[in-house]
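Next comes just one chain, in structure tokens: the form predicted alone.
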Amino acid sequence: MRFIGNKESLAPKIYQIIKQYCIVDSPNIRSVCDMFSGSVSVGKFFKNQGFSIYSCDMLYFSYCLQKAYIENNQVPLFNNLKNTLGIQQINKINSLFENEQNPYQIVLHFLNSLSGIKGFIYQNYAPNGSKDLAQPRMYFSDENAQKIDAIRMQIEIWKEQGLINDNEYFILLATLIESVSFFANVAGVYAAFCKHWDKRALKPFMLKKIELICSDKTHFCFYGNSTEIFSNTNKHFDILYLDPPYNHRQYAPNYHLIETIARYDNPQIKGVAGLREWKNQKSAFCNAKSALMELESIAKYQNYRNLVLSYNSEGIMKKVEIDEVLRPLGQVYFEKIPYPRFKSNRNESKKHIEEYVWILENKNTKESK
């Protein structure tokens, strides 16, 4: 999905830097804690490298992605649902299933065949559903909003009826979350909608299958404030990876609509954009002063061997300030990764910016027994 600061393209380069300074092929370096998981791109990368992953985020939709991509290790079979669909529905849409053997794909075919429902998304984020507002919201076309409602409701019904297990539930939610970004009428984030229709927003909504990662390792995902969750854990991490927000833009309001689709909790919303309440999801890293305090607090943990901090060169924490926080705590290595500036960025004075990468060998590390 489109996500501020997504590290999908940078993760391999960051890994090469880590390999320069950490013996990552050692059997003793096998766990990575991704403290601010976001779109889960880094967690997925390290899972593919054979590491055991611990990940966390304070946004629920990120937790859904983590459960599907990180904690899950197998392709879903949908055994309980298969019987129900076979008896009640398959005859109606049999032509869609003729050449398809994958249970996951069959379930997606079924969900894509649902008729739309005028639910919460339609009523609040489509033009006809919100036509009584001074500015009707245009996040989704009327048809696509109804389709999203129908799919989201059906997933919840299956869960409540015990027809899908937790694993299958989060895989379907992750599929919906990932698919939404291909049809949303937004420029990038969801803090505002476009006043004219983007071509992709007018295409009929369809779930697109996600690529799941099989693994023989056990992985753990958490939802909530990462600093609180990991500050007192007795688990020791070989690599503690930090990719915090780097400017004043809070993630929660920028992805409020994805959060609402993930939760589907009919929240109280307000404003032109229809924002849900998000004050309890503020990140300390979106303020320069509190960001440095938060970084120092995390860096002083004793439950990791190597801390890896990835940060934008134009972030609100300055390099010299970060150096001052990290250097007293152990051996510090530093590298830069240049990459093209996003075209949408207003500052066109530079064509490239840099990703800063610090690696701290923790001198106060305390191995768990």
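For every residue, the number given is its place in the sequence shown, counted from 1. Predicted model only: the values in this text are computed from it and were never measured.
There is another form of the same protein, the form predicted in complex with a small molecule; it is not shown, and what comes next is about it.
Contact annotation: of the candidates I70, I322, L309, M58, the single residue with a non-hydrogen atom within 4.5 angstroms of the small molecule in the model of the complex is M58. Residue in contact with the small molecule in the model of the complex (any heavy atom within 4.5 Å), chosen from E168, D238, D243, D149: D243. The small molecule in the model of the complex is approached by V40, whose closest heavy atom lies within 4.5 angstroms of it.
When contacts are judged by a 4.5 Å heavy atom cut-off, T365 does not count as touching the small molecule in the model of the complex. For the chain shown alone, F205 is not a contact residue for the small molecule in the model of the complex, no non-hydrogen atom being within 4.5 angstroms. The small molecule in the model of the complex comes within 4.5 Å of a heavy atom belonging to G224. Of the candidate stretches 327-335, 300-308, 31-39, 45-53, only 31-39 has residues whose heavy atoms lie within 4.5 Å of the small molecule in the model of the complex.
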